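Let's start with one chain on its own, the form predicted alone, as structure tokens.
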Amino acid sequence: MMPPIQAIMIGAGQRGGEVYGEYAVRHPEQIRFIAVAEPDVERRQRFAARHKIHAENQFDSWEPLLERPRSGQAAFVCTQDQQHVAPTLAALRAGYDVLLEKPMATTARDCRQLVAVAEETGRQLHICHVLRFTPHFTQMREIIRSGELGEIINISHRENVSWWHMAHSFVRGNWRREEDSAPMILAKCCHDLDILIWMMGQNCTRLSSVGNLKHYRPENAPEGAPQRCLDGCLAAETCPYYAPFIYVDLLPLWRNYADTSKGFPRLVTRAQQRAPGLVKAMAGVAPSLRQISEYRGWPISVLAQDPTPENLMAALREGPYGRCVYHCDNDVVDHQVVNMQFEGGASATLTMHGHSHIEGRSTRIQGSRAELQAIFGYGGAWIEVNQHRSDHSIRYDTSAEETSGHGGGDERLMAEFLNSIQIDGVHFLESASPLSTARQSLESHLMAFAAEEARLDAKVVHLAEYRR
């Protein structure tokens, strides 16, 4: 039997610890983490305990870990966006195959350097474009490639960031300021730009863009609103951004799941909104319900390692997530539209905004023979194709398992990455989908940088300039 791939983790936060780390816990026959570098003591110790990592293999920074002789086959780089480049370059040069969180870097120059070093060293470098690995977008690509829609004329794709997710990540959170992270069109939508290229099988030739920060500004604050929600805000009962409503009650999260799911999951998440005590009681008989009644995942796991109501309230009193959304230091846009033309002449628009009632992506594709409409949400996903001549309609259920992150993309990405690392020519999967190369991932990042330049300078950008 093939031994598990040995891997090191650089950055044991939400993605590293809760997604890729937990995959290793579920699949010990495939992967084992043998070292961790994480500056936060609590996160580092928690990850080390979870994976039984010896004290000598626990580090508060990546430098001493990568200065040692290579101790495994794979390195996971899951640091903050601005900290991706240096550890990835060091890991590639040390001989590791690397899975790197998106975006790969926050400047075009750094993105190109990562690609160049991966190709120079002959090591694999894959970016976590998880949407490529979802049943939803895989099915959509197959429909396009089959010719069922005819010639593709136009694509309208929307990244509908819910109002509370926007407030969490891009107003109060780590991605609120461009100088500390990246432009929002890169941080949030390099996924979307990547799948447009992937589904079309063509590159974008030119684009333009408009957008700005319109709502989350001091002048839009309720009258007398304090700096923090818990400092006696008079709008506490009416403001949708009131922090305890989002993080302690968790009603926005459960509404999102309920509104995009079906069957039993929909009933349970509806019940959690109206009668959480009933769901907790039912969990005593049906343990699977504990993932709802005792929920500890994102976004509350970002506020506290042990997200009890008491710890969450303490975090809201003292930490960044308890700030009034109108009195933060955010500067990234809250809405942006990118207009694109592809090599074959098709046009496309990407609309990204942070004011959606329901979190999810929606797509509409106009073809010469049929139209495609699709929804990709927290609780489920579907695609519908309507044929022009016959008026025949076909609907595909592209939902993943409820517990599978990013609509099934997280699980499949991990499996494919591990499958790409051969040991004695043996793979974990009988049939594998090729991962995108770092050079392929570069294309979507260049599009994001071009879109931001187009937005700021009010101009049309020709992508050939960026590729050179």
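Quick note: we count residues from 1 along the sequence shown, nothing fancier. Here the structure is a predicted model, which is why all the values come from computation and not from measurement.
A second form of this protein, the form predicted together with a small molecule, is not displayed here; the remarks below concern that form.
Between the options H157, H126, H191, R172, the residue in contact with the small molecule in the model of the complex by a heavy atom within 4.5 angstroms is H191.
Only one of C78, A348, M199, L253 lies close to the small molecule in the model of the complex, with a heavy atom inside 4.5 Å, and it is C78. Contact here is defined as any heavy atom lying within 4.5 Å of the small molecule in the model of the complex, and by that definition each of R15, D40 and S61 is a contact residue.
None of 245 to 253, 210 to 218, 126 to 134, 377 to 385 except one has non-hydrogen atoms within 4.5 angstroms of the small molecule in the model of the complex; the exception is 126 to 134. Proximity of I10 to the small molecule in the model of the complex falls within the 4.5 Å heavy atom cutoff. A residue is said to contact a partner when one of its heavy atoms sits within 4.5 Å of a partner heavy atom; H406 meets this definition for the small molecule in the model of the complex. Proximity of E101 to the small molecule in the model of the complex falls within the 4.5 Å heavy atom cutoff.
Within 4.5 Å of any heavy atom of the small molecule in the model of the complex lies no heavy atom of N203.
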